[in-house]
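In structure tokens, the next block holds one chain alone, the form predicted alone.
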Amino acid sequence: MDKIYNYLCGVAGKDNVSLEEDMSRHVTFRAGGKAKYFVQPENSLQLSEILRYLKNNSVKYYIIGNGSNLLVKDEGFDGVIIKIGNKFGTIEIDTEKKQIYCGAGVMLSKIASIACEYAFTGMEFAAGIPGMVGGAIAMNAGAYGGEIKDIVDKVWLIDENCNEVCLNCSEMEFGYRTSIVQKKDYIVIAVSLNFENGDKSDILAKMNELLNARKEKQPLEYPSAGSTFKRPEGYFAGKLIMDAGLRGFSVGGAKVSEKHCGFVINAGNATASEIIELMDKVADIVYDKFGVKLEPEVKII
């Protein structure tokens, strides 16, 4: 019998555990290999217990949310993938404090819609971001001049010792596409967000404006992980790629979007290897032409 599988089933329940899980079902690239073990804990106590076991037994693991910034290599992941999904979907609204408390498994777009409904302003930028709250906190997600750090009040996390802690925004060490979560291997379980009162019609208009801009400028009709590369200081990755003559450049089913060169898309049954090869080639060509190093925003495991 498989001791790790049995342990995970004992903690999270058999319905929440699977073997050889196809990870292309859990990442927005719709590509990649299988995870040897896959588990969706139902609460933070289960999560802490599982983490302690894995760490004490030196079992490799990786935490995912919506998989909107992730790619699993074709050879798969020989460890445990822990998904923080809709089991962590709590939402509480405090109209007096103008706060929303939500679990790490809530979609950002859902919180943006709820904020609009209550005429809370500050989260319009997140209306079309295809990620969950946990991942947004971990990488300080942002778009169109806004970042999640701008509205964070407190964050509840599991620390490196598998204990639950609560940090204020000022303690989160937020930076461009980073936070203490990445620096110290923490795991987000919930967050409280601060808002200002606004005009509902203005908020809705702004959200629709940004959503329309996304549809017009981004290849939303294809699987991708959003912006493939981080923004180099003083430059825009998409423009560098376009100026390097790489619009539409492809490797197998992986392709630089013709609509927005900052996006690598799965244009037709791309493998993870093809996506990674394309990313590497794009980065090499941009460096050769302009001396600027492109760093992936996509996490590859």
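Start at 1 with the first residue shown and count on from there. The model shown is predicted, which means the values in this text are computed figures rather than measured ones.
Beyond what is shown, the protein has a form predicted in complex with a small molecule; the following relates to that form.
A.B. asks: In the model of the complex, does each of Ile84, Ile129 and Glu297 have a heavy atom within 4.5 Å of the small molecule?
C.D. replies: Judged in the model of the complex, Ile84, Ile129 and Glu297 all sit within 4.5 Å of the small molecule.
A.B. asks: Just to be sure I understand the contacts: of Met139, Ile111, Cys169, Leu210, which is the one whose heavy atoms reach within 4.5 angstroms of the small molecule in the model of the complex?
C.D. replies: Of Met139, Ile111, Cys169, Leu210, the residue with a heavy atom within 4.5 Å of the small molecule in the model of the complex is Met139.
A.B. asks: Counting non-hydrogen atoms within 4.5 angstroms of the small molecule in the model of the complex, say which of Asn266, Ser257, Ser48, Thr28 makes the cut.
C.D. replies: That would be Thr28.
A.B. asks: Given that the partner is absent here, state which listed stretch (116 to 124, 160 to 168, 216 to 224, 94 to 102) has heavy atoms within 4.5 Å of the small molecule in the model of the complex.
C.D. replies: So the stretch in question is 216 to 224.
A.B. asks: Taking the small molecule as it sits in the model of the complex, is Val188 in contact with it (heavy atom to heavy atom, 4.5 Å or less)?
C.D. replies: So Val188 counts as contacting the small molecule.
A.B. asks: According to a 4.5 angstroms non-hydrogen atom cut-off, is Ile64 in contact with the small molecule in the model of the complex?
C.D. replies: The answer is yes: Ile64 has a heavy atom within 4.5 Å of the small molecule.
A.B. asks: According to a 4.5 angstroms non-hydrogen atom cut-off, is Leu70 in contact with the small molecule in the model of the complex?
C.D. replies: Leu70: yes, in contact with the small molecule in the model of the complex.
A.B. asks: Quick check on Val152: any heavy atom within 4.5 Å of the small molecule in the model of the complex?
C.D. replies: No.
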